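Only one chain comes next, encoded as structure tokens, the form predicted alone.
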Amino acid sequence: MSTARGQLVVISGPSGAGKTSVCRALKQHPDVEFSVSATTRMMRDGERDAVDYHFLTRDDFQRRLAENQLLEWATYNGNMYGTPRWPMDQALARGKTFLVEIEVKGTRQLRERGTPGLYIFIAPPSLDELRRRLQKRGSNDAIEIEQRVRIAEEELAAARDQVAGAPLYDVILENRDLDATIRAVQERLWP
């Protein structure tokens, strides 16, 4: 159901916690529009501009950053990544839910700027379960898995931080069962 004014929904969580699966389910709702990040990295085979990423030159990215056209941004592995503001503004004006999947650092930037929205953190039931999920994926070696678990520990601690006297996240959901977690998020969006 569409409202007169849309809302920003931010979903974060460690790699393997289930945030991408939650977002994938939410994107099926007709009132949800999903954020497509901007990046300065080169397009890979099979990727499409404005579908996989908004591929920008470094100068264009920096210009947009200077003009406050990005909600949040970070540099990773020498490339710049960010969340464009223009799709969110358009979606909210149409009464849509604008869904953004970002890291804790990006959430902190949004909160520090006072960006209104619903901020949800998806947490694993335990670090051992997170490790098991990452191993089950089969896409990372043992060293990478341990690095991701270490980063997850930091993210789990940071998720409980305060920004300007308010919690960084409105909701922290422990993802023991993916279907139940998806329903819990949907109930917060569409009571």
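What we label the rigid core is the largest C-alpha set whose atoms superpose within 1.5 Å from one form to the other. The first residue of the sequence shown is number 1, and the count goes up from there. Values in this document were obtained by computation on a predicted structure and should not be read as measured data.
We do not show the form predicted together with a small molecule, though everything after this point is about it.
The stretch from 158-166, 37-45, 24-32, 124-132 that comes within 4.5 Å of the small molecule in the predicted complex, counting heavy atoms only, is 37-45. By the criterion of a heavy atom within 4.5 Å, Tyr81 is counted among the residues contacting the small molecule in the predicted complex. Shown alone here, His54 lies farther than 4.5 Å from the small molecule in the predicted complex, counting heavy atoms only. The small molecule in the predicted complex is approached by Gly106, whose closest heavy atom lies within 4.5 angstroms of it. Though the partner is left out of this view, Gly13 does reach within 4.5 Å of the small molecule in the predicted complex, counting heavy atoms only. Using a 4.5 angstroms heavy atom cutoff to the small molecule in the predicted complex, none of Asp89, Arg111 and Asp170 count as contacting. Positional change of Gln162 between this form and the one not shown stays under 2 Å at the C-alpha, relative to the superposed core.
Once the cores line up, the CA of Asn79 ends up 2 angstroms or more apart between this form and the one not shown.
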